[in-house]
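Have a look below at one chain only, the form predicted on its own, in structure tokens format.
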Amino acid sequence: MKLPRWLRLPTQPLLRHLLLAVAGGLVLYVITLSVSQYDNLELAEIGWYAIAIAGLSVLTGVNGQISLGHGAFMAVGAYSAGLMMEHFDLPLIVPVLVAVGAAAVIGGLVGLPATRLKGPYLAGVTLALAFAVQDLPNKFSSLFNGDQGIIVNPPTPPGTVPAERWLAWITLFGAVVGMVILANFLRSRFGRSLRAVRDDEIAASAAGLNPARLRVLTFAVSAAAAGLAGGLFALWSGIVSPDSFSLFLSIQLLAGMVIGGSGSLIGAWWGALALVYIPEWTQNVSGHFNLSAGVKANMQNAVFGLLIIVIMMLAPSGIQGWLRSLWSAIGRLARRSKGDSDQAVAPLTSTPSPERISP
């Protein structure tokens, strides 16, 4: 469907992404003003989930690599930010940037095996990383405080702003900025190169691209997004402990990516919404029907599994892909209706051609 000229977005990618970010940020700002403080905490949770899923979506959906241990990169970011805030009195932006940088470095190192490993072998490496990172805080308890974790003081809000709303603003702002950076990265020459390597590695190599270097770069960028999510998580939770970064977190991120749409940054927000509100919904349903403790514990996983099956069967491209297909179908119907109306009007407005007189 063709939009009016005044509704069309600029063609320049950076300007278009900034405009969308400002519009989305204003919507989120209004929402934070109109909901309760508990809802603001959930909005903050949506923020760090969204940027983590977006990073995984870049790795898997855009470059075609598999990661089953993306929660480990979140752990690197969270512990890096937590240690910085525990030992140094610095502006909030500094620990968050350290979290992004530390996760990017670890991601680049993990991406080195990706130059030779593919499919289940690469997934196995990232899975081993998830288990290894979870055990490191206990092995170096003098630094990471073991199972007790690192206590992170929440950011002090200005004036009379509630702490929960201030936390939501910080987390959502960080997520939106991260999305803008990822969107511009995907629209750049590097983003096009990543898709080329995913679609046909041999053809990409023949075109002068270096698939190995691009895979490492993608791992670093994806891990940096997860590190940002980890730093925001540390602010949101107030504590960084090994239990927060179990394998289940990595599986959750993967499920959120599938639900929202692999390779879509907007789909990451749909996936984050599902990860935050489905557990709450299942808990309410379990309490309403007085289900047993065992059923309550497994109902969330059952609902996630059922939702993923439904998504894969009815909308293989996720929620965002389904919405995109729906918009295209509406556009085709609108064009078809316009064409039918034009054909109906044409005989009334056209000038009849002179009849041919046969000799």
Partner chain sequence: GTTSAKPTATTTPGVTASQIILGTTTPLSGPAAPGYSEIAPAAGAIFDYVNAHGGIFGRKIKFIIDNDQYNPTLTVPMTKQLVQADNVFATVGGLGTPTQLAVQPYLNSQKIPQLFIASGCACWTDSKYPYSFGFQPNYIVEGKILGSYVKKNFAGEKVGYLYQDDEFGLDGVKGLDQEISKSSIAGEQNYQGTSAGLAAGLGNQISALKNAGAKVVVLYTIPAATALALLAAAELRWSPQWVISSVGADPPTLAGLLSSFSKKAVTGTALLNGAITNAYLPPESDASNAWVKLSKSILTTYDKGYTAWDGNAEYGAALGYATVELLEAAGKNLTRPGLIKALETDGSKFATSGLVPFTYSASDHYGFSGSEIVKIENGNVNPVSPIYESTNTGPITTYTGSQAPVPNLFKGA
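Positions refer to the first chain, counted from 1. The structure presented is a predicted model; accordingly, all values stated were derived computationally and were not measured.
There is another form of the same protein, the form predicted together with its partner chain; it is not shown, and what comes next is about it.
**Student:** Given a 4.5 Å cut-off on heavy atoms, tell me which of 81-89, 229-237, 168-176, 266-274 is the interface stretch with its partner chain in the model of the complex.
**Tutor:** Looking at the other structure, the answer is 229-237.
**Student:** Can any non-hydrogen atom of Ser246 be found within 4.5 angstroms of its partner chain in the model of the complex?
**Tutor:** Contact with its partner chain, yes.
**Student:** Closest heavy atom of Val94 to its partner chain in the model of the complex, within 4.5 Å or not?
**Tutor:** Val94 lies outside the contact set for its partner chain.
**Student:** I'd like to know whether Gln148 contacts its partner chain in the model of the complex, with contact meaning heavy atoms within 4.5 angstroms.
**Tutor:** Judged by the heavy-atom cut-off of 4.5 Å, Gln148 is in contact with its partner chain in the model of the complex.
**Student:** Classify Gln37 as contacting or not contacting its partner chain in the model of the complex by the rule of any non-hydrogen atom within 4.5 angstroms, answering yes or no.
**Tutor:** Judged by the heavy-atom cut-off of 4.5 Å, Gln37 is in contact with its partner chain in the model of the complex.
**Student:** Which one of Leu326, Val27, Ala297, Leu33 is close to its partner chain in the model of the complex, taking close to mean a heavy atom within 4.5 Å?
**Tutor:** Contact check passes for Ala297.
**Student:** Quick one: name the residues from 91-122 with any non-hydrogen atom within 4.5 angstroms of its partner chain in the model of the complex.
**Tutor:** Result: empty, none.
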